[in-house]
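First, one chain by itself: the form predicted alone, in structure tokens.
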Amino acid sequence: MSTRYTPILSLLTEDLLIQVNEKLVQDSDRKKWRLICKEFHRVDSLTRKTLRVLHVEFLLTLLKNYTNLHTLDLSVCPRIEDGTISLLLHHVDHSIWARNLKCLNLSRANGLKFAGLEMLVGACKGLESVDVSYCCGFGDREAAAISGCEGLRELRMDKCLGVGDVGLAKIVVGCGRLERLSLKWCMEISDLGVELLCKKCLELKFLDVSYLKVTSESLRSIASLPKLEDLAMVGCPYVNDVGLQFLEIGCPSLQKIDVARCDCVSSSGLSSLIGGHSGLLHIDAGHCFSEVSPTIVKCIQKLKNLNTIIIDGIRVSDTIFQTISSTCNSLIEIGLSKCEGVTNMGIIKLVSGCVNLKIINLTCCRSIANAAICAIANSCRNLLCLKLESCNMITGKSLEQLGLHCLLLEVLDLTDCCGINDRGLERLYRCSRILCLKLGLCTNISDKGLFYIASSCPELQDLDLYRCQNIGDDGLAALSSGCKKLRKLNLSYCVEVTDKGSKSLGYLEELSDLELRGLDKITSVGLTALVTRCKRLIYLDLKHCEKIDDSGFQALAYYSRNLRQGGWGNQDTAMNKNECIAIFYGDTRYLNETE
């Protein structure tokens, strides 16, 4: 008597499969899921809301399969152009894939011009967010095309160098409901354009005018925005204290202000601004003036809800830290990079009151020693990010305290901390949540230290070992086994690494950014072993890897289809121009044309 078995997958309804699919957070897990069977792939197609396209030749097929998208990211398709958009709209029913589309990322799509942009905007009627940052060729005509998005709430136009006041005028007239706008590096926009913007877009909550040649007259206009919460104007050379005085009596909703590197802003002007906004949550005044004045200290005392203060490059004193400690108990982030006057006692006073600190930047505070770090570790138990670059007096004792008390730590920068060694890294064994670890120029670290990292940091995604010359193949083997989620790795000038180590890196399948500059023991054999497995490489630096020849680069061109940026030079190769293009785009069609 035979028994009939019912496949278990047939017992799972579509609703159950959708619920399972929604529980998958990691991209790698979702990819494995949809490759199991056609039904899982169909469910993934129905539920996917975000799509990042790596190759423009697959765009048509993808948009036919994924019809419920909210976000479409084309920022890594370097060859998208007007003809691509025309082909797409003629061969794929845009009434299906474009109907729910809310967010469109076209960052760095320099091949796209007015005609293509106008067609795309016309097809996607419901767009609420558009990013055209670093489309350096965009001008007023392209801005006019964007103005067709009547429901637009967010627009990023960073470094659209050709967009001027006329283009901005088109946008603000057509997109009057804008809430977030970034115009960073749009050098042709002047006070006139900002004035019109502030008259038409009264719903603005976020505005970035960093590096524009605007004057304080623009701040007079900005001060009239009733709902503005976040204003960034980094590196505006013509903005001065008069402009900040306009903001003092305007922008009633202001919560965040960034005036970093505004050379004409003084401590007096910033004091005026702070005095008019007791509800400020975030202040960034890095590299604005020489020292923190008593007036600013007095103003800070009134900011009971302040959670972020960044004063990079400004002279400070222990008294200032005492004031912050006693009045700013809600502080979450403090930036003191390259500040003069930062002492162990000052940091001890700071953290005695600011126990909620999660991000601390002490880059180049060279007087800091173990006493300060031990105080941070004991007081700030929720610390997520600690930057200690060039703090040369720190030793393994500091790491021991961090390992005992800061179990939530995600980012640790120890670049050029020459007192850090393998034993110190061992003491971080309880910090299992570290995502980013920077150890560049820590010359006392060896393979033994990498063994400790590999066994303690399974979530690690970014590791910098620049010029750690005692690192070799055995350490990389340990990394490839214990840190499977590694995406960025810098091994430049780790001169003991050979083909064996390069082969080990091939087991890091999530790797996207890899720097191997100056590794003169790696040959084409090692490079081939690496690229045959690391299919997600986007950036690869091979400068001064002098033993890699044509065969290695041909393997790179064949296997690294996602490569977008690379560095190679000083190799003795016979490659022609088309082969170099093939490597850059990861497209073997260019190679075939030369055969």
Partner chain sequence: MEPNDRLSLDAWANPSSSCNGLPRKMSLENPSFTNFNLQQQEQKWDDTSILNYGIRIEPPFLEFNQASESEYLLSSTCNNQPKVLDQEDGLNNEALQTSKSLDWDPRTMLNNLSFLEQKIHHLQDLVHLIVGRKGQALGGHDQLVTQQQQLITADLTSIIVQLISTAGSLLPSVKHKLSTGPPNGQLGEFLFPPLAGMNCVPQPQHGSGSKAVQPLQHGSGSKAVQPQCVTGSKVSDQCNQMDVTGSFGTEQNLSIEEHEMKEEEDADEGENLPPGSYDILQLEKEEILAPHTHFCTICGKGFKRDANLRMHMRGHGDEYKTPAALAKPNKESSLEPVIIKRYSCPFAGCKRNKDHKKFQPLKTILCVKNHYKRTHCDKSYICSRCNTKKFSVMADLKTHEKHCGKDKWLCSCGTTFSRKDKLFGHIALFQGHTPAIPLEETKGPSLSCDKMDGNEASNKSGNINFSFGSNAGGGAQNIIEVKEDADDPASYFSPLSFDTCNFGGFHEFPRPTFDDSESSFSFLEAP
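On a predicted model such as this, the values are computed, not experimentally measured, just so you know. Positions refer to the first chain, counted from 1.
Here the subject shifts to the form predicted in complex with the partner chain, a form of this protein not shown in this document.
If you check the partner chain in the predicted complex, you find a heavy atom from every one of 84, 91 and 119 within 4.5 Å. Residue 190 belongs to the set of residues with a heavy atom inside 4.5 Å of the partner chain in the predicted complex. Taking the partner from the other structure, the partner chain in the predicted complex has a heavy atom within 4.5 Å of a heavy atom of residue 166. Residue contact with the partner chain in the predicted complex: residue 199 places a heavy atom within 4.5 Å of it. For residue 173, a non-hydrogen atom is located within 4.5 Å of the partner chain in the predicted complex, even though that partner is not displayed.
In short, of 310 to 318, 243 to 251, 398 to 406, 107 to 115 it is 107 to 115 that has heavy atoms within 4.5 Å of the partner chain in the predicted complex.
Here is the short version: of 73, 510, 140, 263, the single residue with a heavy atom within 4.5 Å of the partner chain in the predicted complex is 140. Residue-level contacts in the predicted complex: of 144, 232, 359, 371, one residue has a heavy atom within 4.5 Å of the partner chain, and it is 144.
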